[in-house]
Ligand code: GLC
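A single chain, nothing else alongside it, follows as structure tokens in the form predicted on its own.
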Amino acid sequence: MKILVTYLTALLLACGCSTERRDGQLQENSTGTIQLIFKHHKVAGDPKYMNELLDRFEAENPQIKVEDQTLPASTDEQHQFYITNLEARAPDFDVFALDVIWPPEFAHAGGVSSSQDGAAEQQRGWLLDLTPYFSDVDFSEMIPGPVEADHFEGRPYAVPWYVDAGMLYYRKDLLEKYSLAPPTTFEELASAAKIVLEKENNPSLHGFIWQGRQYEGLVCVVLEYIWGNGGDVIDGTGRVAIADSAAVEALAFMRRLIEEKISPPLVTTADEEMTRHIYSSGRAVFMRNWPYAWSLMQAEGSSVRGKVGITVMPHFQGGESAATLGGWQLGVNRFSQHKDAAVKLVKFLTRRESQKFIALHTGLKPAWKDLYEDPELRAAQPFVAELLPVLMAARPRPVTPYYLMMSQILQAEFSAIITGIKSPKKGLNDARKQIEFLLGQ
């Protein structure tokens, strides 16, 4: 029975998942119109806005029809769907959305393919190299983190669609009450949290909450401490630096947050939504989370509406603030039979007008820097001006084809450290040895 369930699960993944039928037609018609399949996760907000955007594309390109098909919410399941189909060189979808950590893996995957006449074609990877198509685009006008993540060996294989980055939320009312400034260092954050907790004397109030469950979110959080102390997973020479003193000190500080009751033990099981619900109910002074949480905390019924400020992630003395980059990119399936049409769709969805439309109607943040000065966007979302420094400070996770395997190592060792199973030095040394083996060092 277990084998049957596993087979059926794999079959469902390979077959696609849900489809948003905008016109009720999935088949190509007989008029010569090109039918593009656009695969993506469920985009935040009302689906009507994505449909409206695709209607605009079709109006500008009447020879092209687009069918957008949604994948399961889990990024692990989305990733599995893509690799199952792309390993088989399936042309069944043309444009697809990628988590910011996937482009190097997908650009590196596969090997030499063959052309229809049987000649060897010296091109690897599952993503179409976009260099010849985007020569007219100045990527320096975009937020640098996602641009870096989308380039592999100096060439663009994906384009930023919308951007995310870790940020610090703080209770403006509580800091003002005790004449405290928003913290710029982790030491200042710990000190301010202690002062507020002592003064408020409220057992249900936590000092600082963050995502500490053993999953990708934990890696995102920990990297902000390591980078903020001048450390890294892999240094500029390619050496695995995860066990250096900067990383050991950063993890030791995170563990002390729990031991000193600044952060509650529950953070070791918390994800984004768990921490957001705690914070929205008024039960924490500080929270690390992504920008999406802001608008939700300003909604009717939120206990902290109008009481929350945002700022860049703190750093350690002598370090610099750095946020982990999140967000989604658009790429073209190298095995698509409609590459030129697919590139047109990617260009349309990633241009300024489209990213502004998405930002206005879903709250997802654009990749173009100048949109953060746009009067209409600022009027609708006044806090976007404060977001630009956060996003500009964002750094991609290690840009390597082997990142997902590396992440599995880091998740386990980071979790062991913050839960007290291993010391920071022991856990990071174990991580270093495994990553060196993975990279063949």
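As the structure is a computational prediction, the values presented were derived from the model and not from experiment. Each residue number is its position in the shown sequence, starting from 1.
The same protein also exists as the form predicted in complex with ligand GLC; that form is not shown, yet it is the one meant from here on.
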Y178 within 4.5 Å of ligand GLC in the predicted complex, heavy atoms
no
Using a 4.5 Å heavy atom cut-off, state whether E105 contacts ligand GLC in the predicted complex.
no
Using a 4.5 angstroms cut-off on non-hydrogen atoms, would D164 count as touching ligand GLC in the predicted complex?
yes
Does ligand GLC come within 4.5 Å of any heavy atom of V100 in the predicted complex?
yes
Output flag, Y215, W328 and R397 jointly within 4.5 Å of ligand GLC in the predicted complex, heavy atom basis:
yes
Listed residue that, although ligand GLC is not shown, lies within 4.5 Å of it in the predicted complex (heavy atoms), from V285, C220, L189, I226:
C220
Just give me the single entry in F253, W290, F81, F335 that has a non-hydrogen atom within 4.5 angstroms of ligand GLC in the predicted complex.
W290
In terms of non-hydrogen atoms within 4.5 angstroms, which of the given stretches 168 to 176, 320 to 328, 306 to 314, 153 to 161 touches ligand GLC in the predicted complex?
320 to 328
Quick one: name the residues from 66 to 86 with any non-hydrogen atom within 4.5 angstroms of ligand GLC in the predicted complex.
T75
